[in-house]
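There is one chain below, alone, in structure tokens, taken in the form predicted on its own.
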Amino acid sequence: MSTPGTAQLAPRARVVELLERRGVTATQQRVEVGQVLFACPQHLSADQILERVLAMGARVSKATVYNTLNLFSERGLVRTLSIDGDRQFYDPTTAPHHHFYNVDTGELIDIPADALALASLPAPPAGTAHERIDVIIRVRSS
């Protein structure tokens, strides 16, 4: 669920603690990105995050936001959701769950993991194992 505006920010101390628990150095810019991203359950693009960080009065480049998001993803702080191959959203809810994606509005809505039942999974290719299942159900406004 995306929250409009920039008024809501995660407390700085909470963000620093989250980063340090995952072995991420809490630089000023990483903390600022984290304050936006970890404010509430939401799904934001890198551009939306950049816009909100800049609205805080921070000085950060687009490249720094992308690098920070990649680092957060690698360290398990966020889930990266690829939509249609050319759109990515970042989800601070890392517990297993799925999503509805409204193709008309661009909104992503969480679906609890236990609300979706898969009867079976195909065997993974030789030498690999299942890591995570991401189901994105595309819907349209009616």
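Residue numbers here begin at 1 and follow the sequence given. Computed from a predicted model, the values in this text were never measured in an experiment.
Heads up, the form predicted in complex with the DNA isn't pictured, but that's what we're talking about next.
Handout entry: Interface membership of Arg30, the DNA in the predicted complex, 4.5 Å heavy atom rule
Key = Contact with the DNA, yes.
Practice task
Would you check, heavy atoms only and a 4.5 Å threshold, whether Ser73 touches the DNA in the predicted complex?
Solution key: Contact with the DNA, no.
Exercise for the section: Check whether Ala39 has any heavy atom within 4.5 Å of a heavy atom of the DNA in the predicted complex, and answer yes or no. Expected result: Residue-level check for Ala39: no, no contact with the DNA.
Problem - 4.5 Å heavy atom contact, Tyr66 and the DNA in the predicted complex - result: Residue-level check for Tyr66: yes, a contact with the DNA.
Handout entry: Contacting member of Leu108, Val60, Ile111, Ile83, with respect to the DNA in the predicted complex [4.5 Å, heavy atom]
Key = Looking at the other structure, the residue within range turns out to be Val60.
Problem - 4.5 Å heavy atom contact with the DNA in the predicted complex for all of Thr25, Ala46 and Arg87 - result: Every residue of the candidate spot has a heavy atom within 4.5 Å of the DNA in the predicted complex.
Exercise for the section: Give, in sequence order, every residue of 104 to 142 that has a heavy atom within 4.5 Å of the DNA in the predicted complex, or say none if there are no such residues. Expected result: The stretch 104 to 142, when checked against the DNA in the predicted complex, contributes no residue at the 4.5 Å heavy-atom cut-off.
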